[in-house]
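Shown below, as structure tokens, is a lone chain in the form predicted alone; questions about how it binds or moves come after it.
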Amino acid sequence: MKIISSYSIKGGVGKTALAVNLAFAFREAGHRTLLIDLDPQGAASFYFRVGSAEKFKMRDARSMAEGLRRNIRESDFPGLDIIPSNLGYRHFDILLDGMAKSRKQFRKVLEEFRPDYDVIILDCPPNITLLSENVFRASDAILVPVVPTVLSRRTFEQLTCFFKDEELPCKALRPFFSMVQKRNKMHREIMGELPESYPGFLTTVIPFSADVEKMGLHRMPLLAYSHACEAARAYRALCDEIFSTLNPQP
């Protein structure tokens, strides 16, 4: 089982669109996929027409896993399940803070799902909290959408500094360029410069697309209603690239 998180300190960079379409792409490729919406805003849940999760008491890692399992919902696409968000998820940090080894507990929670899924995708809130640190330590890959702008570049650099300071696994970071406008000079310049300082950048680029913005109208992944558009092809290519990096050929 692989655990892949979609994360960015900065909002509005395509984080949730990534999680939703990547989950669909993995399911489309035949992998049993679970998408967990950890963001209290619940955008990923909304895109899949799934209501909020029911509240549950969280005392320890086992009760957290049991509560999440009770909230598994089937999506409209067989092979892809959702654990929707709930505003109560904002209390994850309080619960984790009271546990021993508080930065490593969420991995134990996710291991409970190993028999049932090949891939777990986490849509994370845009902040650095104790839950975020748990996600970082639990993930096999942390996908970081970077819009080629000054502020997005700055927040990515802040994230990498945080990983180094906290001795987190920098090799798990998988940044890639998102919402790219090829005619934009600044976009082209940053795309030429940033990978030189951070060679871990993925090669797949997600273009800016009005089709992606329509996900809220269709309430489904882009790949489900516009599978042949440029952005959809890019998400599939990103899925293939991620899978190949996590499962290198001998």
Partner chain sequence: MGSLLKINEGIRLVLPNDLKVSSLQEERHVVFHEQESRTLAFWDTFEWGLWFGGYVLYSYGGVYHLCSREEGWLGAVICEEETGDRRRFWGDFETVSMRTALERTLGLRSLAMVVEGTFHLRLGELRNEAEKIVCRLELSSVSAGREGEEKLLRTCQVLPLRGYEAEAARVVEYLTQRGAKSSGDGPVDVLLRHANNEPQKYTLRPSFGLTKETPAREAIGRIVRTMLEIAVSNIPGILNDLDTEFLHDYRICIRKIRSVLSLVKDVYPAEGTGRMRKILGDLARQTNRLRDLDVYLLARDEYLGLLPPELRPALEGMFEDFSAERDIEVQDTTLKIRAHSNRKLLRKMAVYFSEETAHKPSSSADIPVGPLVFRCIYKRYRKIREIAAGIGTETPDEVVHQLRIECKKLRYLMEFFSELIPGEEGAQMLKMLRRLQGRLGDFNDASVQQKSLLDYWEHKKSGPDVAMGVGGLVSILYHRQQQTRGLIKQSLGEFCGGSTAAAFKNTFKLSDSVSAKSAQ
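Note that this is a predicted model, so its numbers are computed, not measured. Numbering follows the first chain given and starts at 1.
Although it is not shown, the form predicted in complex with its partner chain is what the next lines describe.
In the model of the complex, no residue of the candidate spot (133, 137 and 140) has a heavy atom lying within 4.5 Å of its partner chain. Taking a 4.5 Å heavy atom cutoff to its partner chain in the model of the complex, the contact residue among 86, 75, 152, 178 is 75.
Distance criterion of 4.5 Å from any heavy atom to its partner chain in the model of the complex singles out 219 from the list 182, 219, 62, 55. Residues with any non-hydrogen atom within 4.5 angstroms of its partner chain in the model of the complex fall in just one of 200-208, 46-54, 185-193, 221-229: 46-54. Contact between residue 69 and its partner chain in the model of the complex is found at the 4.5 Å heavy atom cutoff.
Contact between residue 156 and its partner chain in the model of the complex is not found at the 4.5 Å heavy atom cutoff. Its partner chain is not shown here, but in the model of the complex it comes within 4.5 Å of a heavy atom of residue 117.
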